[in-house]
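Shown below, as structure tokens, is a lone chain in the form predicted on its own; questions about how it binds or moves come after it.
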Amino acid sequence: MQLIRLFIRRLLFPIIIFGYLTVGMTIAAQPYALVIHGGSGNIDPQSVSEERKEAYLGKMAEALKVGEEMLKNGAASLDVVETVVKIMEDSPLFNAGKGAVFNIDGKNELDASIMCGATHNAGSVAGLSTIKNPVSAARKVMEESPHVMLTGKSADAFAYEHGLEMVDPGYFFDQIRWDQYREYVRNTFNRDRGQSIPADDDLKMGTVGAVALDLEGNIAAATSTGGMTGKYPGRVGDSPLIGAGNYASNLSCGVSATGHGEFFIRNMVAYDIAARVLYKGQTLEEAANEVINGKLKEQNANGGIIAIDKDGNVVMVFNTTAMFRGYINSSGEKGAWIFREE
């Protein structure tokens, strides 16, 4: 009996050790990645001061660093994208949360969405006015309700009932955004009087988003925005619409969009890219370029996307002069940029 036990130990020990090594190698081989955006637009580089540029780059670097530490330590992609988007929502630099633009009535209406690529569950909110972090409200809708989307006062009330931080609407006031709003109103008035004033495309832009791939191979995406300066009250853009401004699937990729929302809705941009990867076998870069620099450009639609596929490949594609963007991955690559030529 003792000889049999000795034989079994000698036979199984190498197999067990090999199994542990194989598992360890599998875990080590699984990539992680995070990509973020802070809006896109046709921005003249000369119009952005060095001080403001450094502020944008610094805030994106902060968000990426926090997300990287979370991913390294095994955090779920859903937690990562929510946390990173909240950092940008809390900054007045971006058109989301604290830095949201004003609608035609001079009020802030906030939209957000989040999606889990492992389950394809999703949540979104639109027209919020008293919840500090709309992306967290979107996640509550996904996890604590039978619905995908809630809007307006009902969405605010639902978020409050589920313990999210409320703020007075005045919290979202930002002087720069208010000045943009007043300029929009003046230009609209003068246009109505017959004066020829070019439209400011930048006032249509400005959204934050994040896509992450975690060590479990799960993808998640989140998008948050204040919408368009001077939008009609109740206007809903692409950011809270699953498939338009946001989408995630472990089968293909995760996508977060920024740009002229009406066109992103009509073209179902985020899902279109994911579908091309899944059904046509295109690379993520090929799919994104065909949609952003092909379909949208032909329609004179401005904007861009960030995305990560199931293998950890990151793309940041846009057809404007600028997109606030950055990424990190498990290979040690990282960076943040604003203008196309960077």
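Just count from 1 along the sequence shown to find any residue number. In this text, all values refer to a predicted model and were calculated from it rather than measured experimentally.
FYI, the form predicted together with another copy of the chain isn't displayed, but the following is about it.
Of the candidate stretches 76-84, 119-127, 206-214, 91-99, only 119-127 has residues with heavy atoms within 4.5 Å of another copy of the chain in the predicted complex. Residues 31, 33 and 68 are none of them found to lie within 4.5 Å of another copy of the chain in the predicted complex, as judged by heavy atom distances. Under a 4.5 angstroms non-hydrogen atom cutoff, another copy of the chain in the predicted complex lacks residue 187 among its neighbouring residues. Contact between residue 271 and another copy of the chain in the predicted complex is found at the 4.5 Å heavy atom cutoff.
Shown alone here, residue 235 lies within 4.5 Å of another copy of the chain in the predicted complex, counting heavy atoms only. Shown alone here, residue 151 lies within 4.5 Å of another copy of the chain in the predicted complex, counting heavy atoms only. Scanning 182, 147, 72, 107 against another copy of the chain in the predicted complex with a 4.5 Å heavy atom cut-off leaves one residue, 147.
Shown without its partner, the chain has 271, 272, 275, 276, 279, 280, 295 in segment 270-303 as residues with a non-hydrogen atom within 4.5 angstroms of another copy of the chain in the predicted complex.
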